[in-house]
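A single chain comes next, written as structure tokens; it is the form predicted alone.
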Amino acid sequence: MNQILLITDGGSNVGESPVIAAAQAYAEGITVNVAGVVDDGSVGEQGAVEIAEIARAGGGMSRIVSTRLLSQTVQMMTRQTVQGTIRQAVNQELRQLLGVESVAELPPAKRAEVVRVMEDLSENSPLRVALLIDASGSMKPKLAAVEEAIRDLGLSLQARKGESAVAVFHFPGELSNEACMLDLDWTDAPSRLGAIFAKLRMKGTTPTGPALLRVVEFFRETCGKINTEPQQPTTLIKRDDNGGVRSDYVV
């Protein structure tokens, strides 16, 4: 399962529409989630609409979230997208094989068996998350919250039984014609995530659409390639099965 997780405060202002770019990602099997991060102020109405539309086109979820709660929101969105993807696939199989619309229509015993399979798939299916960080000038006060969120997400993914990998991009890039920059290639080692923040310089415009398209291209180029490093044993995290895969609100 492939995801792009965009962290932004909205306001794309350069290049292709980020909504069209997200639709392109979804057409290629990549779900796009968007965390719209605010500090003590608020995200503008136009930015909030854009954030919701990007996620909708990308088949994912959007949240408008305070910096204080960004870390747990990023983890929740990643987890719920995995669960939602599996749920959709299972329901499709049930419609084809048994003529029922969802797991809820199964007899209790059979339902419990299917739910167990879904939970196992959620924990064991390979997962790749490409983080795309808005590094425009307006995001500068939120950098510390973004750093914490990415570090915690890395630890959360490491705790899964299945193969998990993270790549990190920021936008805009350093050059005037560079939509975004790859900070970290696929890795399953959370310890590598902290080093990227020394590279970030929060400035410039917000080419969200071109940046999304670059990450889609990266998925095409690197499918099946993951950097690995020796890992220390980790304690598995018990996960809740929260319903729903899309919502827009401030927390």
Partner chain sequence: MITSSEKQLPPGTVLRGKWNGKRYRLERLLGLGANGQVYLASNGSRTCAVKIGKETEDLQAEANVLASLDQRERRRPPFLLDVDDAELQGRRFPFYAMQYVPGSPVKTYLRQHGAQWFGVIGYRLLERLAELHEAGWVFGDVKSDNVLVSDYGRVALVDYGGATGIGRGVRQFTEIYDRGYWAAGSRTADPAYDVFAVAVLWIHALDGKRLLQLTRTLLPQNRHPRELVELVRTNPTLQPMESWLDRALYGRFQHAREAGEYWRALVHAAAHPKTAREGQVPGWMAGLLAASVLLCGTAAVIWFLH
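Because the structure is a prediction, the values reported are computed rather than measured. Residue numbers count along the first chain shown, from 1.
Absent from the display: the form predicted together with the partner chain. The rest refers to it.
Visitor: Applying a 4.5 Å heavy atom distance criterion, does Ser156 contact the partner chain in the predicted complex?
Guide: Looking in the predicted complex, residue contacts with the partner chain include Ser156, since a heavy atom lies within 4.5 Å.
Visitor: Answer for Ser138 alone: is it within 4.5 Å of the partner chain in the predicted complex, judged on heavy atom distances?
Guide: It does not: once the partner chain is placed as it appears in the predicted complex, Ser138 has no heavy atom within 4.5 Å of it.
Visitor: Answer with yes or no whether Ala89 is in contact with the partner chain in the predicted complex, where contact means some heavy atom within 4.5 Å.
Guide: No, Ala89 is distant from the partner.
Visitor: Hey, in the predicted complex, does Ala179 get a heavy atom within 4.5 angstroms of the partner chain?
Guide: Ala179: no, not in contact with the partner chain in the predicted complex.
Visitor: Identify which of Glu163, Glu119, Glu174, Glu93 has a heavy atom within 4.5 Å of the partner chain in the predicted complex; exactly one of them does.
Guide: So the residue touching the partner chain in the predicted complex, by this definition, is Glu119.
Visitor: Given the partner chain in the predicted complex, answer whether the residues Gln75, Arg79 and Pro108 all have a heavy atom inside 4.5 Å of it.
Guide: Answer is yes for this spot.
Visitor: Mind telling me which stretch in 28 to 36, 64 to 72, 204 to 212, 46 to 54 gets its heavy atoms within 4.5 Å of the partner chain in the predicted complex?
Guide: That would be 64 to 72.
Visitor: Within 4.5 Å of the partner chain in the predicted complex, which residues of 1 to 24 have a heavy atom? Give them in sequence order, or say none.
Guide: Not one residue comes within 4.5 Å of the partner.
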